[in-house]
Structures are given as C-alpha cells and as structure tokens.
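Here are two versions of the same chain, shown separately as structure tokens and labelled structure 1 and structure 2.
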Structure 1
C-alpha cells in the first residue's frame, strides 16, 4: 500500500490544531526506528503558513499546511551521502533513520539544503536531521496521522494513494511545485493562483445578488468560462493566465446586464470590488 494526502486549503480555519497535534505527538516522544524526540522549539514538522495576495482592501489569505511531501523521487535521498540514512518504507513514507543519520559524514547538512520545500530540520542537540514521518508509528497501529485526527475543519483527506488520486482528479487538486519533478504525494486544493474575483450587489438596495451568471472572456484567445455568484453575491475564477486581459459580463434575471472590459490580471489576486446591477426596466 502507498499512502497519499489531500489538503483542502479552502477549509482551513487557521486554528493551528495540526501544529499543536504534531508537537503533542512528538515532543518528548521517540518512535524508533522512525523518529527521535522532536525539539519543542524551532521545528514544525507540519507548519501552517499564511500567504497574502491582492491589494488593500481586497486581500485574500491562503493558509497552507506545509509538511514533508513524501516524494516518489525524494531530493533528500539523492542529497544524503550516508547509505540508508534516508529511505522509503514499503508504504512509500520517506523516513530519516535517527540512528544512521551521521553528521560526521555530512557536516554541511545536504538533506536540509536539498529539500526544495524546506521541510527538513536539523536538531542541534541530537545532531540529526528530522522531519514529518506521516506518523508512521500510528499507521502501523491502524491510526491516522495526528494532524489529520486533530483537524476540526476537514482539511485533510488521507488514505491509499489510488483512492486519493480519484479525489485529486474529481476535485481539481494539484501538487505543490510540480516543476521540482520530485513526485510529491501531498496534493492541495486552493493553492494560490492567478485569480479574478468580485462581489455583485443591487445598485439601489446594496444587497447581495446570488445566482448571477458571470462570464469572463480572454481577449487574446477568445476562451471563456462562467460561473454563478454564491449566496453572498461573490464569484471567483482561479488558475487564470498572468498578465492576460479579460472582459467580464454579468447577467441576472430582473437586472440590467453589466459588462466590464479590459480587466488586466496584473496581480495574482485581483478583486473587482462591488459590481452594482441596476434593476431592469419593466415593460
């Protein structure tokens, strides 16, 4: 069996329960042969990072839980000069063996530098490198990883890789930094991308307008996509082309249509603000 993890950023409430659970599981606790005790400071084997995109007053915060990607082709294994110090289990969990990790042979800490995601840490007290083990000691007992178990918002979906990949395809998830060609087994929904958003309200009432049809068309290619505003009148288009120019057309029953031309995506998260629709003239 190979494990994989799906993380839905959109569900994250920034409660830090995942970080706390990881600390509670590993600080003061060793789980040989997979891990030694985690220091109580300066290491977060899962870390909730917050990225801000956009311009005031329309700013979006992306909370991204970051942990070891448990890659198919781990760069850390390639970087490590000590045979067997970093290895993949039969479940494809990447482990740093706390007994074989020998800084005498690699004082430059090549695995720490070799991880492009920066999720390997060096324990100065124990003289070993450490990272997320996917709580393999819990997996062996039929339990789920501590971060998954502690999350109150349903951010994490963990399981056998083939089943997770079905959800990845169904829900449009993607790995972080595929250009690294490492084959990460952690997939994300809601990673920062070039995004166009807005808020539709009535011109006179200033009330939210749900179910308005919003269509955007790229000027250069003529390609178009559409969606409907949600119950709060908001709409969002993600994974668009940086620097592209779009026209925006809004239609809703009982209101006059509205068109905004030449919207250039010059920032990663562009919000059009309040788009006011006037009531249609009764015939």
Structure 2
C-alpha cells in the first residue's frame, strides 16, 4: 500500500496542535528501527508556516503545514553517501535509518542540503539526521499519524494513494514545487499564488451581491477567466500572472455592468475593495 496526503490550507485554524503533537510523540521517545528521539526544541518535523499577503485592510493568511513529502524520487536519497541510510519502505514512506545514518561521515550534512524543502534536521548531539517518519510506527498499529490525529479542523486527508489522488483531482490540489521533480506525495489545496479578489456590493443598498459574474482578461494575451461572486459578494481569482495587467468585468442581473480596466497585479494578493454596482434603469 502506498500512502498519499492532501492538505487543505483553507481549513487550517493555525492552532499548532499538529506541531505540538509531533513533539509529544517523538521527544524522549524512540521508535526503532524507524526513529531516534527528537530533541526538545531544535527540530520541527512538521512546521506550520503562516504566510501573509496583501495590504491592510485586505489581508490573506496562508497557514501551511510543511512536513516531509515522502517523495517518489527523493532528492535526499540521492544526496546521501551512505548506502541504505535513507530508504523507501514498501509503503513508500521515506525513512532515515538512525543506526545506519550514525556514521560520523556527514559533517557537511548532504541530505539536509539535498532536501529542497528543508525538512531534514541534523542532530548535532547524536550526529544523525532526522525527519518526519509519517509516524510509520503508528501506521503499523493501524493508527493515524500523530499530527493528523491532533488536527481539529480536518486539514489532513490521509490514505491510500489512489483514493487520495481521486480527491486531489476532484478538488484541484497540487504538489508544492513540482519543478523539483521529486514526486512529492503531499498535495495542497490553497497554496499562495498571485491572486486578484474583490467584494461586490450594490451602490444604493451597500449590501453584498452574490452570483455576479466576474470575468477578467489579461491585456497582453487576451486570455480570460471568469467566476461568480459568493454569498458574501466576494470573488477570487488565483494562479494569475505576477505583474500582468487585467481588465475586470462585472455583470449581474438588475445592475449595470461595470468594467475596471488596467488592474496591474503589483502585489501577490491584490484586492479591489468594494466594487459598487449601480441598479439598472428600468426599461
């Protein structure tokens, strides 16, 4: 069985239960042959990073849990000079063998540098590299990984790869940094991207307008995308081109259409503020 993991950043409530649960599972507790004990504070096998984009008062926060991606083609294995010190189990969990790693040969920490996501930590005291084991000792007991088990917000979807991939497809998740060609087994929903957002309200009513059709067109290429405003009158376009200029067209039954030309995406999270639609004059 191969595992995969889907992380929904939009659901994360920044509670850090996952990080602390990983500490509690591993600090002072070794699970041979998979892991030696995690030191008290230095290492964060799962790390929640809060990225903040936008300008007051339109701010977007992306809380992103980062842990080992348990890659299909792990760059860390390629970087490691000791045969078998880092290996993939039959469940495709990437493990650093605490015994084999302890050779004293790696003062340059090649695996730490080799992992493009920086999720390997070198333990200066015991001279070994350490990282997330996907809680393989718990998986063998039929338990979920400790950090997933701790999450109150349903951020993690974990299971058999083919099942997870179905969800990945359905919900448009994507791996972090596909350009590394490492084949990460962790897929994310809601990673930061160049975004254009706005809030549509009635000019007279000042109330939210849901279901307005918003279309944006990139000036240069002419490529266009559209969406509908949500129950609160918000619209969001993600994965746009940084620095590009768009024109924004808003249409809604009962209102006069509105066009905003020349919206330049000068920051990563660009919010147009309140866009007021005037009532259409009755024919």
Partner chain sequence: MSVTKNDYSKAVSVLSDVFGSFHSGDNLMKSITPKEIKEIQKEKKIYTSTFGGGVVSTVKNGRVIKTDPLPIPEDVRQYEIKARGKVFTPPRKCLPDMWGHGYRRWIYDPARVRYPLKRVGWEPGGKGKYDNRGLSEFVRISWDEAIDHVTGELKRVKETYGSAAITYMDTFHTTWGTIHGMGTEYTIIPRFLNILGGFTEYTIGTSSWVGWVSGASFMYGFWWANATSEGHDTLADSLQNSRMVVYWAIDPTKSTRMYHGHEMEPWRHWVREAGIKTVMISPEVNDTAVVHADRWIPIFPGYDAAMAAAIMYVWITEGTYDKEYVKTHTVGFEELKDYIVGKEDGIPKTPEWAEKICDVKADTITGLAREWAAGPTTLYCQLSGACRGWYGHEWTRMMVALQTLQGLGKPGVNMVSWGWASGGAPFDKSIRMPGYTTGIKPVETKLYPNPVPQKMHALDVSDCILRPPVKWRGGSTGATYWGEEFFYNYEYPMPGYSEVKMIMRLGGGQILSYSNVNWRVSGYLTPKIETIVIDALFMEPCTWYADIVLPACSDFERNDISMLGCGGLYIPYSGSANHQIALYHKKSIEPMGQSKSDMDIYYSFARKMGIYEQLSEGNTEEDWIKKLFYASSICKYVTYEEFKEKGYYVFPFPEKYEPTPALRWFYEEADGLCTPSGKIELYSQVLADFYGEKNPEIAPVPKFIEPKDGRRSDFAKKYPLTIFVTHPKFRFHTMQENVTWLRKLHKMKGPDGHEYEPAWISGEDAVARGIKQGDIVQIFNDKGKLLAGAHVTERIKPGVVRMFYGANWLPDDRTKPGSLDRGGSANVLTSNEPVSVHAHLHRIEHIMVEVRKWEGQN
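Residue numbers count along the first chain shown, from 1. Note that the structure is a prediction, hence the values are computed from the model and not measured. Just so we're on the same page, rigid core means the largest C-alpha set that superposes within 1.5 Å between forms.
Only structure 1 of the pair represents the form predicted on its own. Once both forms are fitted on their core, the CA shift for residue 35 between the two structures remains under 2 Å. Residue 255 shows a C-alpha shift of 2 Å or greater between the two structures [criterion: core-superposed Cα displacement of 2 Å]. If you fit the rigid core between the two structures, you'll see the Cα of residue 65 move by less than 2 angstroms. In the core-superposed comparison between the two structures, the CA atom of residue 230 travels 2.4 Å.
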